[in-house]
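Listed next as structure tokens is one chain, alone, in the form predicted alone.
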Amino acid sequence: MSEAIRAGEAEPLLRLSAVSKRYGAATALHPIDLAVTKGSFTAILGPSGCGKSTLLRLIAGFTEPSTGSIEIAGRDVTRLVPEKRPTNMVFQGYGLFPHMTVAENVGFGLTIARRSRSEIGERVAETLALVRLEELAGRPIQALSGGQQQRVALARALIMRPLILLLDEPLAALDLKLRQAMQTELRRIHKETNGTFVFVTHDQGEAFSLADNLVVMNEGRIEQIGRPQDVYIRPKTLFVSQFVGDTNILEGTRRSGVVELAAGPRFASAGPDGKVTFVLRPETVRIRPAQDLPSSPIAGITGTIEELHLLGDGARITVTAPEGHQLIVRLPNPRFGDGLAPGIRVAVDWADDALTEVGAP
């Protein structure tokens, strides 16, 4: 059975079973199972070339899988062409018709479907209101800003009322401020339509801002599926921990239920004997004067502040411990009064639930 993004939910709206894609001897997507529930906002996150856009094109029908099946609303759509599937796609390049007005672009799909002029007019007006472009209905595409063109592309997809809206890095061409504004718009539109959105991005901040479900991909495979906060706090693999935010990698050895980290600390940890790897998020690391290291935490290291970078709303501190081991610490504010500065001796420690053991990359 495919791995449902929301455990315990009813039959998913979208189900992929053992879906793969090969191009000759090259494998773009290894066999994967994936289930997406109705009404969810799912982000497919991963580096360039990991297979996320291939996965989206398989769902849309632009690419045919080498193996496996794709079901939407209980119907096998594996061999159906895009126009026969209850999906619609928004591309990074928008794909708008420059010789048409905003309204003509939005209503193009309904025109091709030979809907009545009155229905087209009503639905265009309704959809333009949804994306807040009703005042620009008669404007030519060339007169629009990048953000406005993106909303026209979104409206053109939404007007067809797809069961699943597919978005392939649609905000990548926008500058930071516009991208943030469009993220707000996408969240609002998703909420108002109660639609099912599947969104591809390589930007982890964008994925965390938008999605209620996250699919992390690497080298044509799914590494982890879950709520964004769960993926961040409890990554399953070393790749996920490093791709999704800053992290400290702590290696060590477990013997008879006790782990000894290469950086020095020892603590109890159930599991098989052998080499182990733990991840520690920088914001869970505590820092204080070296003489104040408490005896109660499971681990602690003394070291020297190597670097301190102020980030506006916080600080990023690099502490070098004995034998060259380094830890990154994030503070929620600069804390100028704490006497933190490069060259200062400090102690760092963490709570017993801050460490997460991860598997191989």
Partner chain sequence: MTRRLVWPLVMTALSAFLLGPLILVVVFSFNSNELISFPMGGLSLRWYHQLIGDDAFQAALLNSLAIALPTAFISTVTGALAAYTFAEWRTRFGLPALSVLGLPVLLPPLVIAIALVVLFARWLDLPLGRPAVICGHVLVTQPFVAAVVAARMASFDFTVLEAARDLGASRFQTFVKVTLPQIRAAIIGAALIAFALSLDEFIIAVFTIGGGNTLSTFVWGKIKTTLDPSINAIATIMLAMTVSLTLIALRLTRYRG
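Residue numbers count along the first chain shown, from 1. Everything numeric here is computed off the predicted structure, so don't read it as measured data.
The protein also exists as the form predicted together with the partner chain; that form is not presented, and the subsequent description refers to it.
Contact check for residue 265: every heavy atom lies farther than 4.5 Å from the partner chain in the predicted complex. Although the partner is absent from this view, residue 83 contacts the partner chain in the predicted complex, with a non-hydrogen atom inside 4.5 angstroms. In the predicted complex, the partner chain lies within 4.5 Å of some heavy atom of residue 142. Contact check for residue 208: no non-hydrogen atom falls within 4.5 Å of the partner chain in the predicted complex.
The candidate stretches are 100 to 108, 172 to 180, 200 to 208, 227 to 235, and the one lying within 4.5 Å of the partner chain in the predicted complex by heavy atoms is 100 to 108. For the options 244, 128, 72, 89, the residue carrying a heavy atom within 4.5 angstroms of the partner chain in the predicted complex is 89. Only one of 290, 258, 112, 249 lies close to the partner chain in the predicted complex, with a heavy atom inside 4.5 Å, and it is 112.
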